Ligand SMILES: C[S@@+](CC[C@H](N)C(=O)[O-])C[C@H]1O[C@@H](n2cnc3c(N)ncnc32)[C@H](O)[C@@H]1O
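Have a look below at one chain only, the form predicted alone, in C-alpha cells format.
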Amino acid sequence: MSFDSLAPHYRWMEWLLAGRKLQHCRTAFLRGLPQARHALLLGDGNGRFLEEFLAAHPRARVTCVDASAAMIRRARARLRARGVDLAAVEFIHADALAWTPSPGTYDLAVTHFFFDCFRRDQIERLLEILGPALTSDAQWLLADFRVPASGFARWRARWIVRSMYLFFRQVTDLPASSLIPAEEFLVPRGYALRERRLSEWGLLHTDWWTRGVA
C-alpha cells in the first residue's frame, strides 16, 4: 500500500469531492481536548490536521508516522511555507504495522481516515503495537466513514464507500475492502466513547475516545 502517487493530487481531489467536510471531521474536537503532552499522528498525510493541531496545542510534542515519503515531504513543505516551527515535530517514514514505538510515550493518538485502509487482522495488529505506547489516561481522536443502519442514508453511504474502495484499491493497492466499526476494536481494549459527532447523513463520524474512563 502506497499513497506516494496520490500525494500531489490528494488535496485537490479531497476538495473537489468533499470540500472542507473531511477537515471539519478531523478538527471537530481540537479546541475542547485537554492540552496534549505528546501526540501520535498516524497517516496524517499532507499535514493539514497537523497544522491546526499545533495551533491549538502549541506546547505539545508530535510524532507523525506515515508510510508515504511523498506525503511527509508535502507536510513539511506546507508547514514551513506557513512559518510553523517544526522543532517539536518528529516525522517517521514507516509502515505502522512494522514500527515499534516506545512504551508509555503518548497521551493522545490521532487516526483520522486511517483504519479504513486496513483489514480486521491488520487493525488488531496495529492495536497490539499501539497499546503499550499509550499512557493509561490516553485520549484518542478518530474520524472515518460509516454506513448508517437503514434507509436512504444507508444505501447512499454503501454506494459511496464501495466506490472509494474500488478506486483506492486500484491506485494504492489498499488491502482493505470494508469498514470496521471503531467500537469493535477500541471497547475491548478499555476505551470509552466520550463523544461522537455525525455528519453527511451519517456517512462521516468523528469520535473522541478516552482510555481508562467509563
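Residues carry their position along the shown sequence, with the first being 1. Computed from a prediction, not measured in an experiment: that's the story for all the values here.
The protein also exists as the form predicted together with this ligand; that form is not presented, and the subsequent description refers to it.
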| item | value |
| --- | --- |
| Position in contact with this ligand when the complex is considered in the predicted complex, options 67, 36, 182, 62, heavy atoms within 4.5 Å | 67 |
| Option touching this ligand, based on a heavy atom within 4.5 Å in the predicted complex, out of 106, 91, 114, 140 | 114 |
| Interface membership of residue 95, this ligand in the predicted complex, 4.5 Å heavy atom rule | yes |
| Residue contact check: residue 209 to this ligand in the predicted complex, 4.5 Å heavy atom | no |
| Residue 148 within 4.5 Å of this ligand in the predicted complex, heavy atoms | no |
| Partner contact for residue 123 in the predicted complex: this ligand, 4.5 angstroms, heavy atom | no |
| Interface segment, criterion being heavy atoms within 4.5 Å of this ligand in the predicted complex, picked from 184-192, 153-161, 28-36, 42-50 | 42-50 |
